[in-house]
Each structure stands twice: as C-alpha cells, then as structure tokens.
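A lone chain, given as structure tokens: the form predicted alone.
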C-alpha cells in the first residue's frame, strides 16, 4: 500500500453499502467501521481484484460513507457560490471519483495492518468525533480522527479525516483555493481528472505484476 499516510491525510475514504440505513442514525462509528472493514478487504484481495476490481468494490461504500456535498462546499470555500449548478454537479462527481480512485490505487496490498478504535465522542446530536488508529504490520501507528455529522436524512457521514494532526479538509481547501485564484475552475478540473487518469494508468501498468508496493 503506497503512501499510506499521504493517502489517509488526503482523504480519500470501506463492508459493502448494504445495511447502511438505520445503523448510522444512532452510531456515528458505524460509517468508520464499514470504511475500515472494506479497506482491509480490498488490501487482502488486492492482487485478485486488481485496480478496477478494488475501485468497483469500494465505490459504493465511499459514496455512502462520506458527505461529499458538504465536503465539496467546504473545500471550494468562497469559490463555491460562484459556480454554476452544472459546475457544482461536475465538481462533486469528479471529487468523489478521485476519492475512490485514490483508495483503489493506494490500498494495493496487505502486510498485517489493522484498525482499532481509540474513542468515540458524540459532541451533540449532529456532530461526532471517532478516534481510531491504523496499526501497521511493524507495529507503528497512525492516528486517525474522523469528524462526522448527520446529513439531511439524519444519517451519520464522514466529513473530515485528521491523520496524525493533519486535516484533509484543510489541505484540500488550501490547494483548491490556490488553483482557483490563479487559474480558475477549468484548470482545477483538469488537474483532478489528470490525477484520476494517472491512478487508472498506474493500475493498468501494475496489473498482474504480483508485487505489493509499500513505503
């Protein structure tokens, strides 16, 4: 699994999406548990699935677990209001695809990793913080704090991931604001789509290699 820390910090984004309704309403840790279970699944079956198989396996879980409409508004900041409705739709769809592609590309092998829950702080009816750790095969740990809130349907969804103190939302908001201020929306979309294409190309190039790349 390449660039594990940068993947989780850049967030990215897994049991399949069935059974989502109901459980999330009272338990903010449920989406996080599904995310972790499915990540472990695609890691353990990485060679069998290949990039496209991993993408197909995690796509419904990522889309169900994360509140992409809310995340999109936050990472675009003051530029969100200036987008057309079509641009907003395009951005959210592309942003979600990039999140799935990142998981499928980076979580491409298993070396004894495990996830464990360190705490669950339900701050109020609509906001919660779920503290977890990624335990690597060598015993090293990465702190993963998930910020969740309820959506308009009352379901808990992941809004942000903070890895070892680094906020994914903050990183993306700063990066996207820089591109929007200097080059505009079209340039941002070109950059996001190029990254998706890069992941797809990397996945095709390594298919069948039998090697798990790790750092």
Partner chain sequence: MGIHKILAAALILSTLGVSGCTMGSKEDNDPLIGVNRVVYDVNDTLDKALIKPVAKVYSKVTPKGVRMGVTNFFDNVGYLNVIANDLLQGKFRQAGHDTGRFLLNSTVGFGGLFDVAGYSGMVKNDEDFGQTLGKWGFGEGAYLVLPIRGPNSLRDAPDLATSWLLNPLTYVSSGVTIPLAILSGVNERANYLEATRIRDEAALDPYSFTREAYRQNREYKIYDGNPPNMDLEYIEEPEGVLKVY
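Because the structure is predicted, anything quoted here is derived from the model rather than measured. Positions refer to the first chain, counted from 1.
As for the form predicted in complex with its partner chain, it is not shown, yet the points below apply to it.
Put simply, residue 77 is close to its partner chain in the model of the complex: some heavy atom of it is within 4.5 Å. Residue 85 falls outside the set of residues with a heavy atom inside 4.5 Å of its partner chain in the model of the complex. Residue contact with its partner chain in the model of the complex: residue 65 places no heavy atom within 4.5 Å of it. Its partner chain in the model of the complex is approached by residue 174, whose closest heavy atom lies within 4.5 angstroms of it. Taken together, the three residues 134, 147 and 166 all come within 4.5 Å of its partner chain in the model of the complex, as judged by their closest heavy atom.
The contact with its partner chain in the model of the complex, taken as any heavy atom within 4.5 Å, belongs to 159 out of 40, 49, 159, 29.
Residues of 88 to 105 placing a heavy atom within 4.5 Å of its partner chain in the model of the complex: 105 alone.
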